[in-house]
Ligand code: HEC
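Quick heads-up: it's one chain on its own, the form predicted alone, in structure tokens.
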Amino acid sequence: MRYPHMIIALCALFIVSMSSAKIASAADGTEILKQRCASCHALKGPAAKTLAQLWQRKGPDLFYAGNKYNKTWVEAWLQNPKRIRPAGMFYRQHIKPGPKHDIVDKSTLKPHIILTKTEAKAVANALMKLKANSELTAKEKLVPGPSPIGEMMFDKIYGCMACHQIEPGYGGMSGPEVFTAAKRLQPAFMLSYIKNPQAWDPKIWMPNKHAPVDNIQQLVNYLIELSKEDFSDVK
């Protein structure tokens, strides 16, 4: 074989170029979102305008992720995703009859993709740039403080626990857990969403309770207090 050294050099160059392309791809969060996330999540608005569109969702909308999520939480969660909604995106699609009541059919729930540390960081950076509905969060400002009757409001007054769990296994399953809410969600988003869920998602089933501003402040401060508790030993 003639010029074996040239062939070896070309092979080495090809390997290096492929490795560089892979690294560049892993560092491009926008491309990762398009290639690996867009099939389940809406990266561009608007939100669903009809129930038919709503039922087609496989995951939450991300076109306002920069106004919704905490970046550090996103980055960590993408490397070790844990289910936030016990019964998936839509409860009715993932339940089956049980001995006493409906139970979650875990065989219908698909695991979330896992990203590398580099990919997760890139995606988190890209998501923080998606800032739709900024006018809604701009109106909100949390007043930190104690929430002496926050749990009572959440459970008894507004009935939120019918859909949300305040600790693993305790509460409803049709909505996302709330004992991690303050870790993953920005305070301004929580204030705005509780005030008027339909401003963010016109067809969402979460009701607008028309809660007074002071009560919404207490609810969000309660969620912040709740997020500081350790539920690692709760099964």
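The structure displayed is predicted, hence computed values, not measured ones. Each residue number is its position in the shown sequence, starting from 1.
In what follows, reference is made to the form predicted in complex with heme C (HEC), a form of this protein that is not presented.
- Partner contacts here mean any heavy atom within 4.5 Å of heme C (HEC) in the predicted bound form, and among 81-89, 141-149, 128-136, 97-105 they occur only in 81-89.
- For P202, no non-hydrogen atom is located within 4.5 Å of heme C (HEC) in the predicted bound form, even though that partner is not displayed.
- Although the partner is absent from this view, K121 stays clear of heme C (HEC) in the predicted bound form, with no non-hydrogen atom inside 4.5 angstroms.
- Heavy atoms of P46 never reach within 4.5 Å of heme C (HEC) in the predicted bound form, leaving it off the interface.
- Of the heavy atoms in P60, some are within 4.5 Å of heme C (HEC) in the predicted bound form.
- In the predicted bound form, the residues of 192-219 lying within 4.5 Å of heme C (HEC) by at least one heavy atom are, in order, Y193, I194, I204, W205, M206, P207, K209, L219.
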